[in-house]
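One chain follows as structure tokens, the form predicted on its own.
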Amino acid sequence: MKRNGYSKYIKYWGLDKDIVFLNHGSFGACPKPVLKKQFSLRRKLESEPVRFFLREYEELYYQSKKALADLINCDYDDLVFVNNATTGVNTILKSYNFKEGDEILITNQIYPSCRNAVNFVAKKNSLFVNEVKINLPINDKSQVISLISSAITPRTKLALIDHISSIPGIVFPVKEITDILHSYNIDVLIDGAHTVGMVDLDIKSINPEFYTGNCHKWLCTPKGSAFLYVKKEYQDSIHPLVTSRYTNNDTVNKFQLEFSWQGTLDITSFLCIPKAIKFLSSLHKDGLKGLLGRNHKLAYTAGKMICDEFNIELPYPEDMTGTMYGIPFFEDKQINYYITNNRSKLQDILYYDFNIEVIVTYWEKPPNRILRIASQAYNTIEQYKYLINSLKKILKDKKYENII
């Protein structure tokens, strides 16, 4: 096979075709048609900045919010834009009305930056942090639901739950988890960093108090594009991390006004959301849902293929899989830990020696490694076969014997 092995849709992305890119999940990759839309918006902005910000901004902002709200099934006036899901999580944690001694419930699959935010707020407000251990393998959804349910205590005030964990990439049964937490009068904040464009998101059905997610990952908008959903009854108490103008205008919804302007920023990434939805929908005969199904099937098939090849137990079932799959991939014999972004030496070997960009990191901690693949429209099964063959070569080559 040719080393790149991309599908015909690679023509829409500007990815380096000499690299087998199996890591869409980390930072996304914005397609050329969407970047073209952003360029036109930036040209519009810079041609007359006053006209853009004072006369055109609000309508363009509304159109994007409405398109996203329709996609994820929530009221557009319960939705605001933020730069990323981590911003959304910080916004809720730092606005929420905690009392000394309250408890925040999290799991060990929480994203590291969100754990940092939880620990910061807990220390500042004298809170307890209750971390639920959800380890691999997972046999079915009920296992996760039971672990979280059994961890609830009388002081649990807020639960921060991943919809899809970054590592190892498990799709949590958030609807069932939210229902149980609500039965104990616990508020729910869901980190949906990977959700939009990976699974069919229905916020009204899940019914959390707070939900945040990125558009720049799987919806393929330009970087710095995310959203925060807040139930109406909580909006008066939730404020952006930056207090800017409009905050004293009482004629319209203060929640919307405070978030709609946080200084002079390039908001064109938000305004590309309708274009991104339309573009991704055009890649499959059954629209966006069809593309999600195709990417899901490819990720799970490839993940199972890797597990079968190396005699690894399946880490979690297909119905807990999105378009990423995280596989426990042997212990590191000689830990070489790259602190900056937690990649292992094996990740760099695959990149520098085999031109493969894929995550190989540690979870929960060294020496336990996770190999996480991702599937987007441009990926093909041949690329994962090349990954398998490359891993087999590494296993056989004596120069790598201290790595695997």
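Just so you know, these numbers come straight off a predicted model, no measurement behind them. The first residue of the shown sequence is 1; numbering continues from there.
Unshown form predicted in complex with a small molecule; subsequent notes refer to it.
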Counting only non-hydrogen atoms, which stretch in 290-298, 85-93, 232-240, 275-283 is within 4.5 Å of the small molecule in the model of the complex? 85-93
Can you pick the one in 368, 26, 63, 342 that has a heavy atom within 4.5 Å of the small molecule in the model of the complex? 26
Heavy atom within 4.5 Å of the small molecule in the model of the complex: which of 76, 111, 98, 310? 111
Residue 164, heavy atom within 4.5 angstroms of the small molecule in the model of the complex: yes
Look up in the model of the complex whether residue 220 has a non-hydrogen atom within 4.5 angstroms of the small molecule, and give yes or no. no
Look up in the model of the complex whether residue 323 has a non-hydrogen atom within 4.5 angstroms of the small molecule, and give yes or no. no
Does residue 193 make contact with the small molecule in the model of the complex, using a 4.5 Å heavy atom cut-off? yes
